[in-house]
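Taking the form predicted alone, here's one chain by itself in structure tokens.
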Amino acid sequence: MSRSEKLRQRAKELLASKEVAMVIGYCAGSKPGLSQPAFITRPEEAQRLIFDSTCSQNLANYLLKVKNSGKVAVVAKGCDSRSIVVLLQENQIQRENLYILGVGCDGVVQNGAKSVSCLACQYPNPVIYDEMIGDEVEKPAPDPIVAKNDKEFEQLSSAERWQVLSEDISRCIRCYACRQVCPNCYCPVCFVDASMPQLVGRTHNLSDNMAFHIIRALHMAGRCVECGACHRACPMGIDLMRLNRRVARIVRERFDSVAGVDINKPPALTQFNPADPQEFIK
């Protein structure tokens, strides 16, 4: 029995027994080679479910939208499960209302190539689940090209890094696709939409674009699980993962913390240690 067949069977059983009111998974998209989120509420609909390398959306993004729908089952790759952990840590969802169907992931594909976020993935298996559908997969070796590019970026002077970042961010059209697909970007009023006071200008000139992306990166520090959903959603091809990986590395090195891997360890920036030397404050 294939993994998709096992998934369909378990979804059908969970719905037929009324253990869950809904299963959030993936079904075939409108075009060949694409998939899309599926919200299954009847056992006979479970046959629509699939799981393969086209299943790129982070399904944790939909949990807040259905949190009043009763107990929900959700298909979770490694990155999805880490987003779920962050949502649980921040009391946005309740564990007892969730049934996690874990799946190992060998990487998702976009435009015929493995997503750049998957090239650096160190958590291909779910870190939290109620049952695994299929076997776990082996952790991939870090991609040498991504590591080389990150190292070269780190070795630039601050002025050179700013120039590289500016050239990339200047192409942003402020469509906010990066925000909309992020499971852990759930503020009722985003800082860019606030008008009383208006915190960030709404044009897409470089200054406003840079303010948006830097504030968002700081807001996601210690919370971003590097799923790459924002990177894949960007219609301008901006290398958002370069910024995300750098922020994650700084949090990891400074706070010994990785987002969404330990339900019992609060996110790094939600804690205050009076003994922190704060040597970075000039």
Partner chain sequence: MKKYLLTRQELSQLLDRLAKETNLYAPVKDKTGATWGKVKNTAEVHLEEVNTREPAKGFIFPRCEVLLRFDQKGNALEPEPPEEQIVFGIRPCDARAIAFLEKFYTIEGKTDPYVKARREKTTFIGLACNRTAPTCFCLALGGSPHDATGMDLLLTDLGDLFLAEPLTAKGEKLIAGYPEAKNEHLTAGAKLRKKAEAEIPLRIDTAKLQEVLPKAFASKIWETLALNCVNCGACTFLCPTCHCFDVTDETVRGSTVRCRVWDSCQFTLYSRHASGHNPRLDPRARYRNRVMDKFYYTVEQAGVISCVGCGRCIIACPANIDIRTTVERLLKEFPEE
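A quick note: this is a predicted structure, and the numbers were derived from the prediction, not measured. Positions refer to the first chain, counted from 1.
If you look for the form predicted together with the partner chain, you will not find it shown, but the lines that follow are about it.
**Student:** Which listed residue (161, 171, 139, 95) meets the criterion of a heavy atom within 4.5 Å of the partner chain in the model of the complex?
**Tutor:** Only one option qualifies, and that one is 171.
**Student:** Would you say all of 18, 67 and 83 touch the partner chain in the model of the complex, counting a heavy atom within 4.5 Å as a touch?
**Tutor:** None of them does, since no heavy atom lies within 4.5 Å of the partner.
**Student:** Residue 218 versus the partner chain, in the model of the complex: is there a non-hydrogen atom within 4.5 Å?
**Tutor:** No, residue 218 sits far enough from the partner chain in the model of the complex that none of its heavy atoms falls within 4.5 Å.
**Student:** Is residue 165 one of the residues lying within 4.5 Å of the partner chain in the model of the complex, judged by heavy atom distances?
**Tutor:** Although the partner chain is absent here, residue 165 would stay clear of it in the model of the complex, with no heavy atoms inside 4.5 Å.
**Student:** Although the partner isn't part of this model, could you tell me whether residue 203 comes within 4.5 Å of the partner chain in the model of the complex, counting any heavy atom of the residue?
**Tutor:** Although the partner chain is absent here, residue 203 would touch it in the model of the complex, with heavy atoms inside 4.5 Å.
**Student:** Can you tell me if residue 236 lies within 4.5 angstroms of the partner chain in the model of the complex, counting non-hydrogen atoms only?
**Tutor:** Within the cut-off, so yes.
**Student:** Please name which of the stretches 95-103, 172-180, 120-128, 141-149 has residues with heavy atoms lying within 4.5 Å of the partner chain in the model of the complex.
**Tutor:** Heavy atoms within 4.5 Å of the partner chain in the model of the complex occur in 172-180.
**Student:** For a quick check, can you give me the residues of 30-52 that have a heavy atom within 4.5 Å of the partner chain in the model of the complex?
**Tutor:** If the 4.5 Å heavy-atom criterion is applied to the partner chain in the model of the complex, 30-52 yields 30, 31, 34, 35, 36, 37, 39.
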